[in-house]
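Presented as structure tokens, the chain that follows is alone, the form predicted on its own.
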Amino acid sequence: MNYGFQFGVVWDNIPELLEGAWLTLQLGCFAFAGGSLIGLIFAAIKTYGTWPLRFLVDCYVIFITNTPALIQIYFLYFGLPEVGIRWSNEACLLIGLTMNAGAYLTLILRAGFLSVRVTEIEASQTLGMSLIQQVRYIIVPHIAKSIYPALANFFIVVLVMGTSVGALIGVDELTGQAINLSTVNYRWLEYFTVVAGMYVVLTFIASIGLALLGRWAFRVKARIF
């Protein structure tokens, strides 16, 4: 069977694909920022919190990490309206990705908490630092250096490319835009060939951005790819 490629059709819709790529990057950044905040708080609770709080965090982490992100997003998008709660498809995707990221980042950041030397914590306590001050001035800089590569990989692999599940609930991110456009002229192969290349470019941009951020903010010599 001979197939004639017509990439000109795709080039005509490049602005729409670029809009989808920009939304993909935005969703990934916001979900990662929210997930990092959740992960930092919950990792601190798992390390220093009381038993009831640790139990609640464990329940959250176990549930999220043992169920697919798509199921969690479907619950927000299709399940909550049954009890009168309605959010936009973008909000459901963002909240679902943030909750999912928070659970995994709790585990990643807790490893960073445990890597902090006891002598550093004891010295901060001797200086009269509160727990929040210890986290801000001692723990966060330390774990940023020790687990920054893992955080960067998580952002790229899970969030930037994980946003593609939004296409299943009508979010016009990069994959969603490709599906919408290709259903008009049925040039699926051309559209998704170009979109695959755009994901590579997005990953490259995110990798460079994270490497520069790590070197500037935490003096981490993060690798690009």
Partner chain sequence: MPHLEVSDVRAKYGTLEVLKGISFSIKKGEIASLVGPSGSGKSTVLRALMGLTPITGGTVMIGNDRMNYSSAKEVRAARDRMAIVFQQYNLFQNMTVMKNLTLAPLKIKKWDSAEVMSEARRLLGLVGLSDRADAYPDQLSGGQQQRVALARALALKPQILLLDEVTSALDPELVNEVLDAIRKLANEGMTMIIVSHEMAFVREVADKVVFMDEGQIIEAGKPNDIFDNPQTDRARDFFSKILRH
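Positions refer to the first chain, counted from 1. As the structure is a prediction and not an experimental result, all values here were calculated from the model.
This protein has a second form, the form predicted together with the partner chain, left out of what is shown; the following refers to that one.
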**Request:** Flag this candidate site as yes only if Lys46, Asp58 and Gly112 all have a heavy atom within 4.5 Å of the partner chain in the predicted complex; otherwise mark no.
**Result:** no
**Prompt:** Is Ile108 a contact residue for the partner chain in the predicted complex, using a 4.5 Å heavy atom cut-off?
**Reply:** no
**Message:** Given that the partner chain is not shown alongside this chain, does Arg86 nevertheless sit within 4.5 Å of it in the predicted complex, heavy atom to heavy atom?
**Reply:** no
**Message:** in the predicted complex, does Pro149 come within 4.5 Å of the partner chain, counting heavy atoms only?
**Reply:** no
**Message:** If we define contact as a non-hydrogen atom of the residue within 4.5 angstroms of the partner, is Leu127 a contact of the partner chain in the predicted complex?
**Reply:** yes
**Asked** Since the chain is shown here on its own, which stretch among 151-159, 117-125, 73-81, 91-99 would lie within 4.5 Å of the partner chain in the predicted complex, judged by heavy atoms?
**Response** 117-125
